[in-house]
Every structure is written in structure tokens, then in C-alpha cells.
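Form predicted alone, single chain, as C-alpha cells, below.
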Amino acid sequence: MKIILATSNRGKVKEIAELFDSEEVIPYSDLIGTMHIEENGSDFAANALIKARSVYSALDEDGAVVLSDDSGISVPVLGFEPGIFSARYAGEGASDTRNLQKLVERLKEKGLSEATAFYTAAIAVVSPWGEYVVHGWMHGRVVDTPRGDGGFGYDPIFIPEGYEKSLGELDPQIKRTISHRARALELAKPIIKMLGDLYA
């Protein structure tokens, strides 16, 4: 069974493919090119479903199983910013670096060098046999000085609960076991298995 990812983010593609190593995992852009999808949902689950439904509708494949992820970081003391706007916090098309810098600037405006934060990941699966959404979370804190050059997004300023290193410094294998996306994907695995049985 093919799992078609509603993302062209190579970091996410690699991470998801490693977790579903027994299935064929393909970014949608390899099949139909890139397309603009307006993520105008009110939460992570709604945006994940918007992406998965859009790609599913655009595909000309019987039995396609489309998986999408919408994720981001939330800082309660900043009114839960950036939340669903994590990828465009500093404006449409902003780089990871610029988004991270804006979050650091917002912390400094509050006179803070660190603050409690958490990542959320919503994984949506759209298939001929129904739609499903699961969530995963990772709690920790953000700091005002980036550390390490691993990962992507806000990883260099996020320190997971129980660790002293940022996600930018931690070994990728550790990150894969504790990340919000990994936790959500673990919950998605039984759904993918069920769909695989139906597909067969």
C-alpha cells in the first residue's frame, strides 16, 4: 500500500518514512507537482484534514491513502503563540530562522529568557474507507538562545521536558522517540495497518 504524504517538506517526509518503513511513502509532489493549499482551519486537526482532503481530491489513484501533518509550537505566556501559525509566524514565506527569531523577540519583549512551551502534532489520514485524526504532544521550554543546528523549525530553542539539550542538539534517534510527531504517528500506525488490510 502506498502512503501519500500531503507535504513537500523533506524533513517531515524523511521522519515519517522512517516510522513507516514497511510501507511505500511518497510525497504528493512526486505524483502531481506542488499545489497551494490554504490552511484556514481553526486548529491543527482542521488544517491537517484540509491538506489531506485537498491532496486526496487531486489524486487520480484508486485506494489512495493520504497522510498529512499539521504541527507547531505554543507558548502559553505569549497567549499560545505561534500555535497554528508556527510556519508563517513572521509572515507568509518566512524562513525557519526568521520565525524562530520572532519567537525569541517576543520572549524578550516580556523580559523572559525562557518559558514553558509545547509542540502539538495532528496527523490526518484520508482514505476511501474514512477519515481519521490523531494527536501527539511534546512538553518542555523555549529559551532565547538557539542551541545546535540539528532538526528544523524551532528545534534549536526548544528543550524537551527531562532533557538539558535542545532538539537542535539531541541525537536524532532520541528526538524520533520523544517528538510530538513520533507520538502522533505511533497512534496512526494501527489506522494505517487497518487500511492496509482493507486495501489488500
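Source: prediction; values computed, not measured. Residue numbers run from 1 along the displayed sequence.
Only in words, not in the display: the form predicted together with a small molecule, which the text now covers.
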query: Using a 4.5 Å cut on heavy atoms, which of 61, 39, 161, 30 is close to the small molecule in the predicted bound form?
result: 39
query: For the spot marked by 8, 12 and 96, is every residue within 4.5 Å of the small molecule in the predicted bound form through some heavy atom?
result: yes
message: Is residue 181 near the small molecule? Define near as a heavy atom within 4.5 Å, in the predicted bound form.
response: yes
message: Contact with the small molecule in the predicted bound form for residue 86, defined as at least one heavy atom pair within 4.5 Å: yes or no?
response: yes
query: Even though the small molecule is not shown here, does residue 153 get within 4.5 Å of it in the predicted bound form, heavy atoms only?
result: yes
- prompt: Is the gap between residue 175 and the small molecule in the predicted bound form 4.5 Å or less for some heavy atom pair?
  reply: yes
